[in-house]
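Take a look at this one chain, the form predicted on its own, written out in structure tokens.
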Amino acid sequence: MTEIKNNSENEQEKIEQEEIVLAEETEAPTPPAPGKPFQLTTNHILWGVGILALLIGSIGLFQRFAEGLRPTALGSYVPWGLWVATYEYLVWLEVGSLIVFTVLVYVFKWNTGLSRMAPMLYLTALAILSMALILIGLDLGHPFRFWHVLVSPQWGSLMTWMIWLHMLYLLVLLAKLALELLSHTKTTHQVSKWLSFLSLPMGIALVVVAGSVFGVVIGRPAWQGSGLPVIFLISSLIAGSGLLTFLFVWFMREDTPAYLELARKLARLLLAFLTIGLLVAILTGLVILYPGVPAQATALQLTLFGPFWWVYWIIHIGLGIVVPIFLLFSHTQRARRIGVAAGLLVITFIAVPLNIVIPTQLAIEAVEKGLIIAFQGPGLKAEYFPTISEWLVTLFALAFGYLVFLFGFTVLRLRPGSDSNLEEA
């Protein structure tokens, strides 16, 4: 009897202790174990790289605001350099990708697998546009006076049209991104569709006007003519289709036949644009070299055989055309091969605006004989190579756009959607 009584008392004590522990756990959550080590994730690394690049590039930004354009290699003979060339390249990427996407989805009615890229593509375009505006703004002597063009525009100036088109295009992009953040309804889809149609003529006009800004410069005969706006538009389609293909291949990553088929269709489209661009470049070069007009032929000869010959032959022709075409023509056309080809094209396509902008200005001696000898000074040199300050400012702009993309991708979750959420008209 005594043992039974002791056992019952022990069981009663255990029950009371369990009730006390349960009450304590209910009242306050258990604190985390002290001394838990910090786990470094891929997300932390991506943010760290972007912030570090932004801080390093801010050194060049400080020099730009403190000393103006003096730390650059720009001058009276070469007023446009790395920043202008990179700006044109970024505009081609941004506008070209949206033009190709809009035409394929809304005009040719490609399957919904491509339309799922809409949120990421709009985010990428906004990030690229922010890079372009930073670079072209800092290239101006007084970047904070751009609002004068908005308040009192002179419509006879192509620069006025370019700035206004940039601002309107920025508003359209922000509106489309805002619609992606809202719940997907028939109304939001319809509004997004009409905004996409509206962006088509605006994007084409922006690229054509950007090419026309070069084409009307009287002091640079190699730029003059009606062909440059068309070349800019073709270049935009090539770069844009490459960017769209790259984003689709590496961010969709689906192991389905439909995914591979769509990647191959984009590869064929990219190959077609590449072929057209190559033919246009060959014909344009032959037309310039055949008559041998010094003001035009000298600029092309500097591009082909001048001090920066490697930019054309190695970066553009070798890595940007020959290798991508080989990969796209491969019999084993896997998605990764297509993604590598598109990535190579996108990265190396910066050589095209560099070759358009810089060699033409270095040919000043062919345009005005004896000008370099007659007048000499710090800013009167027919030579150009970007200074460290120019590279740092470019790094700042690229890092800023990269962080914009990273914020939208990780925080706002602007990623490829599902077929059920994206119904296209």
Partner chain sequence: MHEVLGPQDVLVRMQEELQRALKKKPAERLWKMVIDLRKCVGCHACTIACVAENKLPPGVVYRPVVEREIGVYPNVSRAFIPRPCLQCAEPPCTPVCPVNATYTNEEGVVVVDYEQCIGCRYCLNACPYSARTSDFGHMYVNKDVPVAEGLIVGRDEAGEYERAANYEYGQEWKRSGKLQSPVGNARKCHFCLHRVHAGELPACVTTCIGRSTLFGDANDPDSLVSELITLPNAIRLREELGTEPKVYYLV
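Bear in mind the structure is a predicted one, so any value in this text is a computation, not a measurement. Residue numbers count along the first chain shown, from 1.
Another form, the form predicted in complex with the partner chain, is not on view; read the next lines as being about it.
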Identify, from the list W110, W80, F251, Y312, the residue with a heavy atom within 4.5 Å of the partner chain in the predicted complex. W80
Quick one: from T256, S330, S76, T185, grab the residue that has a heavy atom within 4.5 Å of the partner chain in the predicted complex. S76
Partner absent here, but in the predicted complex, which of 228 to 236, 286 to 294, 98 to 106, 140 to 148 has residues with a heavy atom within 4.5 Å of the partner chain? 140 to 148
Within 4.5 Å, heavy atoms only: does F375 come near the partner chain in the predicted complex? yes
Is L55 one of the residues lying within 4.5 Å of the partner chain in the predicted complex, judged by heavy atom distances? no
Contact with the partner chain in the predicted complex for W223, defined as at least one heavy atom pair within 4.5 Å: yes or no? yes
Verify the contact flag for Q361: yes if a non-hydrogen atom of it lies within 4.5 Å of a non-hydrogen atom of the partner chain in the predicted complex, no if not. yes
In sequence order, the residues of 358 to 376 that place a heavy atom within 4.5 Å of the partner chain in the predicted complex are Q361, I364, V367, E368, K369, G370, L371, A374, F375
